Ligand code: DOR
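Have a look below at one chain only, the form predicted alone, in structure tokens format.
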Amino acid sequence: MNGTFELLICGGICVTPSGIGPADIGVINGRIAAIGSFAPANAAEVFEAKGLHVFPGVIDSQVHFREPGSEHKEDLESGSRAAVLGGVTTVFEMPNTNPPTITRLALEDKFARARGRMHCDYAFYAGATPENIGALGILEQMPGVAGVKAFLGSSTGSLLLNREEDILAALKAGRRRMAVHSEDEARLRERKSLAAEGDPRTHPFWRDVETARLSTERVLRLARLAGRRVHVLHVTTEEELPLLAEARDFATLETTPQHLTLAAPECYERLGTYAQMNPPIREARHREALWRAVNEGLVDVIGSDHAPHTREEKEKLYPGSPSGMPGVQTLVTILLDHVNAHRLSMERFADLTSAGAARIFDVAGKGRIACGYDADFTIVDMGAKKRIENRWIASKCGWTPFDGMMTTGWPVATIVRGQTIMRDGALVAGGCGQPVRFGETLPPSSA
């Protein structure tokens, strides 16, 4: 190629749709302009990546950055800082804020808050409630909106869509893929007494397997009736997997690094309420079933479900303690450790953390290393071995359930649209994030 690149990534081992191998990547105007072998003299800036792996930029499709309303535990700046320090280039942020993100004004407020403050690219979900069902079809078409998120069982925040007629109406109200938190609210209420005071080990007994299975069975039935695509977030049970396998024509699913790494009862005995999240960490048979689903191709996406709370909040007496744990900063290294342990291939890592979300949510220009795509890269040292420590966590909460864990495989650079945002564990540029573009909401061309 003739001309000068603005950025040239030299000598890295690149994970592309054509395979994994050494290549140089040239960037112009924030997009990938060429892949091949090029002289460094052809670039204004050269990133020497010899010995490093260059992955497509990681998309974390499930984060809770708590702004507005709970900025004492996270905000859009601190959450996105944690993201880029962990190798994440794009996030989809959830609507269970205070006030919840359920109107056009609330979405516009979030985009205004994000401008010039977020370090990675971003999209926001619109939350579904019984009161805003009529507006969901309009909200999901706003530029930068990832779609609609429905809480079918109560969790953190006030959002809830649990009556069957409301769920069906919401599914009929739009056309983009709807994301759901799938737990059966009636069963949660019936079993609340099983959450023993002071004993977080009872969390997966209260929010049991049947609570998840019933809800997923229902939402799949209703989605089929409505002719609507759905994405079931943080799937945790072996029993849900056959249901989802039977619904592949319209349903996709996501799991988390926590559910692939931790198991009950050990995690509750060791971490107490710090292991508490919704849906819960379950016993090892579910973890192993999720790994089978990952390796059989059933799981489409791995997202962190980053949901921070302060130590003071997490140390309240169970079940008065809130559910949720941080994860956006540890997602990449936890999964790379699984790659190094041969539980996950590099190709599958790239698909689950980038291409999968781009594919099922129709993200424009992201998700792969290919000409014309955004120059988003997660550059990692597959041989680096470090200990995850609370002091490394950039989230305002200042802790991680993986504190003390040794992992092999660490991000060394985060590049967003051709700009290096993180290098060697430090933020080197900031506030450059932009809204994600989605194929289903691209504005008409003026040409």
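In this text, residue numbers run from 1 along the sequence as written. Since this is a predicted model, take the numbers as computed values, not measurements.
Unshown form predicted together with this ligand; subsequent notes refer to it.
When contacts are defined as a non-hydrogen atom within 4.5 Å, none of Ser78, Thr310 and Lys396 contacts this ligand in the model of the complex. For the options Phe151, Tyr122, Phe361, Tyr125, the residue carrying a heavy atom within 4.5 angstroms of this ligand in the model of the complex is Phe151. This chain lacks the partner; the member of Thr202, Asn278, Asn132, Thr333 within 4.5 angstroms of this ligand in the model of the complex by a non-hydrogen atom is Asn278. In the model of the complex, this ligand sits beyond 4.5 Å of every heavy atom of Arg177. By the criterion of a heavy atom within 4.5 Å, Gly324 is counted among the residues contacting this ligand in the model of the complex. The closest non-hydrogen atom of His181 lies within 4.5 Å of this ligand in the model of the complex. This ligand is not shown here, and in the model of the complex it never comes within 4.5 Å of any heavy atom of His231.
Heavy atoms within 4.5 Å of this ligand in the model of the complex are found in exactly one of 61-69, 411-419, 388-396, 29-37, that being 61-69. For the partner-free chain shown, nothing in 384-403 comes within 4.5 angstroms of this ligand in the model of the complex, judged by any non-hydrogen atom.
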